[in-house]
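A single chain comes next, written as structure tokens; it is the form predicted alone.
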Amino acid sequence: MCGIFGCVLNEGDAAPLVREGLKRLEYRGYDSVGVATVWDGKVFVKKDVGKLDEVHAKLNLDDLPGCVGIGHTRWATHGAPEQVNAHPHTDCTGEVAVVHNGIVENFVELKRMLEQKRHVFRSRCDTEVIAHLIEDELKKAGSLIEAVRRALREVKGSYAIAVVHAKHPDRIVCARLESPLVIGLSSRGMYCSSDIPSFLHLTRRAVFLQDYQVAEISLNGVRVYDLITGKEIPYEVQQLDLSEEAAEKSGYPHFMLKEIFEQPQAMKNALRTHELYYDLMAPALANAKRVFLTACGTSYHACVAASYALSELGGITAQPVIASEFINYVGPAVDEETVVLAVSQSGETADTLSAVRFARSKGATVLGVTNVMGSSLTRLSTVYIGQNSGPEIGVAATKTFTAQLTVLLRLAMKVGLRTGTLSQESYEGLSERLLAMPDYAAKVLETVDERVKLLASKYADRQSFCFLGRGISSATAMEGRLKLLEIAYIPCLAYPAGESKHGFIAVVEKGYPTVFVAPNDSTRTKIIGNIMEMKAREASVISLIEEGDREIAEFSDDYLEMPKGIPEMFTPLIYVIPLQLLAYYISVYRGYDPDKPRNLAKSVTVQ
């Protein structure tokens, strides 16, 4: 997730307004920033690594000439945060400049094709291929908008883009697919942006561009076209009634809730990482004598779930280890035949990096999964994969878990293909089903939100909870427990359900809320027995079940139904969502701010 902003003004310089718009979008990304303007038949660009204020102090972004400009604040997905990878990106001629929010899935193939045509690339960023595609199409198309439209038909992935061209100095062409883009209209000028907070102080009139639409904005107005057919289409101008703070959160009361609802898109973006990275990582795991997964907090729970998937789908044993215990627990076993897969949203978690550095000192191969390109983890890893979920503002991780696990599940499948645990047919079938998981997540968010609110109001005053699951669902239970503990400050337990009779059952009494993660999988028969044990002691049983599972529903005081047809190893992606919502709403009912839980920080950089 990145932030883009552009404007076409009646008079005055665009650069200061672009910088101001980017400042209001900095919550969308802040590892680098850049601005491009058009003036006197030329494109002028300034960009560098760092937060906007740092780059502005160094380069003075405001002194770029021209009344048409575009800008970008970046959250890296391809290419580390370096000056050359910062947006805007230009073509070989320097006459086309592009800013982009999204991921180009087929950038490797497009880059190879363009290099064969003697295009010269300056960066490692996927966005640069779009600038060169437009350069190619301008040789054939009669207009900038037509060149952009044709170029984007070659692109697979997601995008919101804004394009300027030296020979078309009075307009911006923009387009979107699965990444937000909104156009603002005022008497002073026209604006395009990733999000409305960037121009709410300028205008309340907006056009929300839809998927597969491309638009041209100029002082003559807005023209919108179908990206596939090229036909001009009508659009609606909406009057916005939002405060700037509410707009920044897309109308949600808290960033945490916004980020819970962003998970379908975050999962899609996680699935867009090019297959070559998995092809580089899978052999190391498949051939290793020992495999350890190490992480902290939510990322550790993703590792626990991944250990089940690597066993079931990948045919290998991978031991999850809490990073702070890694050296003492498994340190003597680490050697040159060991692979350590480290998972960290920030890539800077101190305990995880300590484990990684120790493993490297013993000759182990280090692999990484992170959300921050250019982080310490990416520099220490032999191969790393980006989870591509964009900035997460809420301290309690939500889309981090589902994005990381999406990557790890795909990796487990790729390992299984290499070890022979999965046939090519099975691999392709599971791949199709994994691609469907974002739609399942969207369905769950649509169907359970109101039901979870009611459950939260019913149980918000309870003084303790326990979360139980079997198999891979034990990881889901652990993550549900962590969310409630973090933001509602309720002492909670989490167990593999079969272990509940060893200790936990002693505290069960009438009305004690016990949450069961109970999909219709290979553990279902046994977990029914665990539910009955709790019912016999008059616990309040709350069950997450597959749609239509009447048997468990009848044993439960409350239940939430999940969609049918989710493969067992994929269930945590979907079943964790109502647990995130439950924690969020209980926190709110208890009068807390779920975005800022006490004593917690987003990235723990101390040991």
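The structure displayed is predicted, hence computed values, not measured ones. In case it trips you up, residue 1 is the first one in the sequence shown, and so on.
Below, we turn to the form predicted in complex with a small molecule, even though it does not appear here.
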Next on the checklist: Taking 4.5 angstroms as the heavy atom distance cut-off, pick the stretch from 291-299, 447-455, 93-101, 522-530 that is near the small molecule in the predicted complex.
Outcome noted: 291-299
Checklist entry - Of these, I145, L482, L200, V207, which has a heavy atom no more than 4.5 Å from the small molecule in the predicted complex? => result L482
Next on the checklist: If the cut-off is 4.5 angstroms on heavy atoms, which of these, L138, M478, V395, L434, is the one near the small molecule in the predicted complex?
Outcome noted: V395
Item to check | Contact of E248 with the small molecule in the predicted complex (heavy atom, 4.5 Å) | outcome: no
Next on the checklist: Residue-level question: is E486 within 4.5 Å of the small molecule in the predicted complex, judged on heavy atoms?
Outcome noted: yes
Checklist entry - Does S473 reach the small molecule in the predicted complex if we count a contact as any heavy atom within 4.5 Å? => result no
Checklist entry - Does T73 reach the small molecule in the predicted complex, with heavy atoms at most 4.5 Å apart? => result no
